Structures are given as structure tokens and as C-alpha cells.
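Consider the single chain below, provided in C-alpha cells and representing the form predicted alone.
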Amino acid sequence: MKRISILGSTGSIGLSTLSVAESFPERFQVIALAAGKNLETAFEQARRWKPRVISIAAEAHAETLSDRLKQAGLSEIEVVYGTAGTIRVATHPEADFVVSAIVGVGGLEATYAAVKAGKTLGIANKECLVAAGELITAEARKHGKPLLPIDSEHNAVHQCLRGGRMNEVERVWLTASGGPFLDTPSSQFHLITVAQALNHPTWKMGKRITIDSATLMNKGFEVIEACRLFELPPASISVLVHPQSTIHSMVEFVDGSILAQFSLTDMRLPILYALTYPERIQSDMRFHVNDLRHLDFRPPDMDKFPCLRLAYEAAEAGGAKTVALNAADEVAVAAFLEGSIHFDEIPGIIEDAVRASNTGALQSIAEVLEADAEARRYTRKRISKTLESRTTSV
């Protein structure tokens, strides 16, 4: 019986993890949940899974949740809140495995605390690895614990790497759908609306990650994530546009052999893989090979999608550059979603923020959070200047 804590239990990865746990009740026990702001879903999850502890974002919501659980006869469930509560969930002494699925750097402190506490980590929060991957992976190595990727691309790489040793790896290939503007001329990017950018051709995702997919920044984050997870330089990670999204990733070995992983596009599959590693267990998630008829591949256009180039440059520089990349992207995407800036202005704003950030390695999570806050302040000022300039020119 594997005992699991879930950071981000009310999000899509959290819900999929609970679905896996429900399918294999003899294998998994839910020990602790960090539920964020969704009070109603948190209550239903607490009632269904009866965890030892559940964390919610706000103190006021924690009091409400605690009262409702007592009324439901579940007073034994401890209710905590905020960052301290999330860390409590991440480090619960009974938990063997922690799923890190809180979006953004909000889950960074708890994720790092889980690794520091010697937990095996299934990581779906790419921002943690982009901002503080060097610290997290170093701590995992110190404790001799694996970091098991849940993102479909990195999970695919992890599976392919079981076919050879790391010193036999020539290159990792990450596939990208190309987003909704793969064939749109860059001259039209200034006219792209929020609705168009949110209309992804393959995946249904949250707003920020959907925009990041449209700019290819999401794939840039995955390049940085792959560098951290697999201890490879950026030059050994390549991106290949594959609109069908059938092949999730490939690993090329020094003898010229290439192993590719493809499967049903269902996040429960990489979650199950991570939870049961190094085993593989029977499931009903089957890919119909007879449907595998047509696969397209092409190199990404980094002139048309400069966010991918910026990610490679930040990965090469390391330190605060990757922190600034993530922070500036989050602020710029939010500004685009609220209509403050144009789609084609996102890359330039991010590039300026990354250039303004400090060089050198970051020695602690506190330094990472400080660099993150500074990059966000810079980006907001940069956006304000863009808006002022636009108003003046009118």
C-alpha cells in the first residue's frame, strides 16, 4: 500500500490522481490533500477520502471547512491553511509519495520541503523545476530519491531512458503540437485575440498554459525541465513540432537508435506510471495501434516563436534567468488575457525582464522567491510603460 499526499488536489492533475487511486484501492491510500481555494470540492474530497489532514488557501475557508467536517462527523480530519498548511501536507510523516501539482511558484516551498523530507516526488509542476530545478534535483540526489515526472513529455522520456544508460544518450526529442498559430503568418500575430489564442487544436488546459502553448513558451519550459530532470545540457534537448501529439517524446542513443513513447492521451497513464514505478501494472488505458496512420514532424520556427529561443538562452545561463523567464511570462500572459497587451508583445516583455535579471546561481528557495518577486515587479513596470507609450502615440 502506497500512501500519497497530493498538492493541488482540486486541479486537473489532482483529480486525475484521485481517479487513479480510486481505480486501485488496494494499492493507494490518500493521506493528505492540499486543495487551494475550491472550498466545495475540498469538502467533498475530505468526505470521500478521509485524509489525516487537508489544507486550504485561506484561514477563513479553513474555519468553514473545519465546521462542515465536524457537522459531517469527520472531526478527526485536521484542517490547515496557507503555505504552512501546504508544507504540512507535503511533509506528512505517513506519506510515502507526494504529487506536486500546484500551478506556478505557489507550490515551490512545499515541493522543496517534500524532497527535503525524503519523500518520493511525482512532479507535474513545471514552474518549480524551471525556477528552482537545480536546488530540487540536488536535494533529491542527496536523499537518493527519484523525481518522477508526470508531464506527458518528460514521463515519456523517463520511460524511453529505461532502454539504455544515461551515458549512451545522444539527444532527447520533445514533441510539440505547435499550438493554434502554427501556420499563421507572424505578420498577423498583432491581431490575435484572446479567444483565438485559447482555442488550442489538441488539448483542453488552463488559460495560462494554453497561451504558453500558443507562444511555444510551454515547450521552452519543458526544455528547461528536461535539463534539470535528466542532467542534460540544453544543446542535448531538441524540440520537434508534431501536430498529432501522438508521440509524446523520443530518446536518441549514441548508436543511432531512437526510442519513442506513444500512448493514449490520458493523464492518468503517466500518473499511474509515476505512482507504481519501477513496476508497471495492468490498466485499461489502451492505445489503438490501428489508428496510427499519419504522423507529421517539422522543426520549430524560433524566429516566429521567440519564446522558445528565450527559454534555451535562459536554460544555458541558469540561476535567476530561468526564474525571471517564468515570472515574466506569468505576468505578461495575465496582461494579454485581460486585454492590456497584444499577443505579439509577450515575447519582447519577457526578453527585457530576463535581461534585467541577475546572473549567478541561487543558493536557497528564499533567493528564488526574491528573484521571482523582483522579476514580477520589473515586468509590471515594463507593461505599464508599454501602455503609456501606446496612449501617448494615440
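Just count from 1 along the sequence shown to find any residue number. Worth saying up front: this structure is predicted, and the values here are computed from it rather than measured.
The form predicted together with a further copy of the same chain exists for this protein as well; it is not shown, and the discussion that follows is about that form.
**Q** Choose from 130 to 138, 157 to 165, 178 to 186, 109 to 117 the stretch whose residues reach within 4.5 Å of a further copy of the same chain in the predicted complex, heavy atoms counted.
**A** In short, 157 to 165.
**Q** Spell out, yes or no, whether the shortest heavy atom distance between residue 230 and a further copy of the same chain in the predicted complex is within 4.5 Å.
**A** No, residue 230 sits far enough from a further copy of the same chain in the predicted complex that none of its heavy atoms falls within 4.5 Å.
**Q** Would you classify residue 196 as touching a further copy of the same chain in the predicted complex, given a 4.5 Å non-hydrogen atom cut-off?
**A** Residue-level check for residue 196: no, no contact with a further copy of the same chain.
**Q** Find out whether any non-hydrogen atom of residue 271 is located within 4.5 angstroms of a further copy of the same chain in the predicted complex, and reply yes or no.
**A** Contact check for residue 271: no, nothing within 4.5 Å of a further copy of the same chain in the predicted complex.
**Q** Even though the partner isn't displayed, in the predicted complex is residue 257 close enough to a further copy of the same chain, meaning a heavy atom within 4.5 Å?
**A** The answer is yes: residue 257 has a heavy atom within 4.5 Å of a further copy of the same chain.
**Q** Among 343, 370 and 384, does every residue place a heavy atom within 4.5 Å of a further copy of the same chain in the predicted complex?
**A** Not one of the three qualifies.
**Q** Considering a further copy of the same chain in the predicted complex, which of 191, 281, 84, 235 comes within 4.5 Å of it through any heavy atom?
**A** For this set of options, the contacting one is 281.
**Q** Which residue among 301, 170, 316, 266 has a heavy atom within 4.5 angstroms of a further copy of the same chain in the predicted complex?
**A** That would be 170.
**Q** Since the partner is left out here, which residues of 293 to 328 would have a heavy atom within 4.5 Å of a further copy of the same chain in the predicted complex?
**A** In sequence order, 293, 294, 295, 296, 297, 298, 299 come within 4.5 Å of the partner.
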